[in-house]
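Coming up is one lone chain in structure tokens, specifically the form predicted alone.
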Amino acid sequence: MTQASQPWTPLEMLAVAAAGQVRDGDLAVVGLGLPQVAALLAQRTHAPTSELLLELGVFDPHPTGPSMGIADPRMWEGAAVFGGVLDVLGSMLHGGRVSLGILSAVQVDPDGSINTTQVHLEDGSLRRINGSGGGNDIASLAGRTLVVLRHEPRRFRACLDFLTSPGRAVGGRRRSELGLPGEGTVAVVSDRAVLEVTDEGTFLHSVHPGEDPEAVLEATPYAVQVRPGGPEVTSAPTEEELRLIRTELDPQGWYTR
């Protein structure tokens, strides 16, 4: 059985796998879309004491319905504090208080650095995207970073078209050499697998139910190592996780369909 024939969508699987990376007690800054779905799902399941921060200044929101991004006021419902960008990206991130950042990416490299700025098209032209926003601050200063993206070969690049936000290393130099705190990117979660990013390289930690490890490796065109015994199989979504995604967090399917 392939993942496509499972009773969940590949992006629902991605959201569940990403939520599994959130620890109880985390203070997390999240990007829009799948990162917010994953963080809220974790908070409502295995990580009830985790807290969310939105870069525009919202502290610990508890929305009761879906929202179209972090700037949608529906995402701010139940917040403990309404501050500003400097409160989150300044006092919290620069103050060393944020344990986790969850970011989406257009491209990712073996060190977990990401590109959300521009890509080279086949005709040689450049396509500009949204840029950093708060992504560089989050990747540079959070205790650890989680990257989420669709598993397409063009997104996995040995050399990024543009370096927007740093991972565990940049240009062969480790974070400590660059004056950056924290671990950097610890995992890349796609709709097919979980890649563990370490100082020793990238490892295929797990493949999602129905996925073939060799096919996943073939679709990841940079060096990915496999530990003895092979990769694990990611835990399948539970009925409760799917209920939360489909009825509360993303009922319109903006991010998970």
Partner chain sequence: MSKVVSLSEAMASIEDGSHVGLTGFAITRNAVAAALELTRAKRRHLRLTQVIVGLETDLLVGAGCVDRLVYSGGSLDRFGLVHAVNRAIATGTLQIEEYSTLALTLRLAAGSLGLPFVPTRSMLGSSLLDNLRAAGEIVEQTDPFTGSPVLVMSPVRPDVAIVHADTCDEEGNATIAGPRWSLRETALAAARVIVTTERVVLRGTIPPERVVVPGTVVSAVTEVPRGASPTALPGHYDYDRAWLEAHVEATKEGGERFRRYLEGMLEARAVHP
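As the structure is a prediction and not an experimental result, all values here were calculated from the model. Positions refer to the first chain, counted from 1.
The same protein also has a form predicted in complex with the partner chain, omitted here; what follows describes it.
> Taking 4.5 Å between heavy atoms as the contact cutoff, choose which of Ala219, Val224, Ala47, Leu32 touches the partner chain in the predicted bound form.
Checking each option against the partner chain in the predicted bound form, the one that comes within 4.5 Å is Leu32.
> Would you mind picking the one in Gly69, Gly65, Gly230, Gly201 that has a heavy atom within 4.5 Å of the partner chain in the predicted bound form?
Only one option qualifies, and that one is Gly69.
> Name the stretch, out of 186-194, 207-215, 49-57, 23-31, where some heavy atom lies within 4.5 Å of the partner chain in the predicted bound form.
That would be stretch 49-57.
> With the cut-off set at 4.5 Å between non-hydrogen atoms, does Phe162 touch the partner chain in the predicted bound form?
Yes, contact at 4.5 Å.
> If you check in the predicted bound form, is Ala80 within 4.5 Å of the partner chain, heavy atoms only?
So Ala80 does not count as contacting the partner chain.
> Can you tell me whether Val170 touches the partner chain? I mean in the predicted bound form, with a 4.5 angstroms heavy atom cut-off.
It does: once the partner chain is placed as it appears in the predicted bound form, Val170 has a heavy atom within 4.5 Å of it.
> If you check in the predicted bound form, is His120 within 4.5 Å of the partner chain, heavy atoms only?
Contact with the partner chain, no.
> Can you list, in sequence order, the residues from 232-257 that come within 4.5 Å of the partner chain in the predicted bound form, counting heavy atoms only?
Contacting residues: Trp254, Tyr255.
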